[in-house]
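Read the single chain below, which is given as C-alpha cells and is the form predicted on its own.
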Amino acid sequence: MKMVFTELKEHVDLIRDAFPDDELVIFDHPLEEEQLIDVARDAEVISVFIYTQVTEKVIDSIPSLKLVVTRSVGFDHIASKHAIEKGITVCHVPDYGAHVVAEHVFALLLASARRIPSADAFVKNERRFDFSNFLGLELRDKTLGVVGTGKIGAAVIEIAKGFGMRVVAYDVYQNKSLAAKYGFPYLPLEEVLGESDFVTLHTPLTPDTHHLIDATAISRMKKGSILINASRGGVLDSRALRDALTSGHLWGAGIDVLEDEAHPEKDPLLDSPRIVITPHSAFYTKEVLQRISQLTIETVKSYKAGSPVNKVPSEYL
C-alpha cells in the first residue's frame, strides 16, 4: 500500500516502523495542490496536517485514494463531504489532549489581561522597572463566556472554575451533564457576548460558523472585555476585531489562529494594538506530538483491518 505523509517532522521513524511493508512517501513540509496530486497519484492513503489542502480536485485526481487522515482535530482543510460521497474515508485526531489547548487559552488570557508581552519587552528594552503603563485585569469573580463546549471548551471551563470565575456558555449542542457538573448556564450567543468579561472561542470552522464573531457580534461584547480565539481563524472576522481594538472597545485579544495562516503578512491583526498572537502553537507540546503519531498509526491500522476509527463527525460536514 502506498501512503503519502505531508508536514511530518517528528516521529518519522515511529511511522516507518509501524508500516514496514508499505511504501511511505514522507514530506516535512506542506504540499500545494498540484504537488500533492503528482506525488500521490497512485496512493491509497494520504495523511496531512493543517497546511496541506486536500481539495475536491485532489480527491478527483487520485482514483486510488481510499483514506485521508489529518493529524489534527480540525478538518476544514479537507473537502470531507466530497470525499465521503466518493466512498473515501476521512479521519482526524478527535482528541490529542484537550487540556493542552485549554492551558494555552489561559496563557493567552493572562498575557492579555496582565499585558505580559508588553511589560516584558519594556523591561528588556528600557532596562528599568516602571509598572505604571501595565495596569491589568483580574480573572477571579469575572465572567468567562465559552463559545463551543466540546472537549476543549469543557477543559477551559474546568480551568476557569479553578480561577474562581463564573462561566456562561453557548453551543448548538448543549451538554447538560457538563453544565450540571460545573454549574453554568447555556445562553443565546448574544447574551453570552453581552454578559462576559472574557470570551473564548472553541467551535469548528463550518459554513455556519464562518465569521460567527463579526462586527455585530463584537459590538455586543462588553466594553473593555477580552476575546480569545484558539479554534480556527475563519470563525472570527479579523478586520472587525482590529477595528474593535483600535477603537478601544475591547481591552485586548489573544489569538492563536489567523484567517489565512499561509499568508500571515496580509492579516490586519498583526499591526493591531493590545493583541497577543501565537503561531497556531496551542497544541504544540512534546507530549501531544507523541499522542498524535500514535493515534495516526492506530487510525491507519484500523482502516487496514476494515474498521476505521476516528472518522470525522458527520454533523459538521
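Note that this is a predicted model, so its numbers are computed, not measured. Note that residue numbering begins at 1 and tracks the sequence as displayed.
Note that the form predicted in complex with a small molecule isn't included here; everything after this is about it.
Though the partner is left out of this view, T200 does not reach within 4.5 Å of the small molecule in the predicted bound form, counting heavy atoms only. The closest non-hydrogen atom of K151 lies within 4.5 Å of the small molecule in the predicted bound form. V73 belongs to the set of residues with a heavy atom inside 4.5 Å of the small molecule in the predicted bound form. Among heavy atoms of W251, none comes within 4.5 Å of the small molecule in the predicted bound form. With the small molecule omitted here, the record of contacts in the predicted bound form names 230-238 of 230-238, 109-117, 159-167, 135-143, defined by a heavy atom within 4.5 Å. Here is the short version: of V192, I226, V101, V90, the single residue with a heavy atom within 4.5 Å of the small molecule in the predicted bound form is V101. Distance criterion of 4.5 Å from any heavy atom to the small molecule in the predicted bound form singles out H280 from the list H280, K66, R41, K57.
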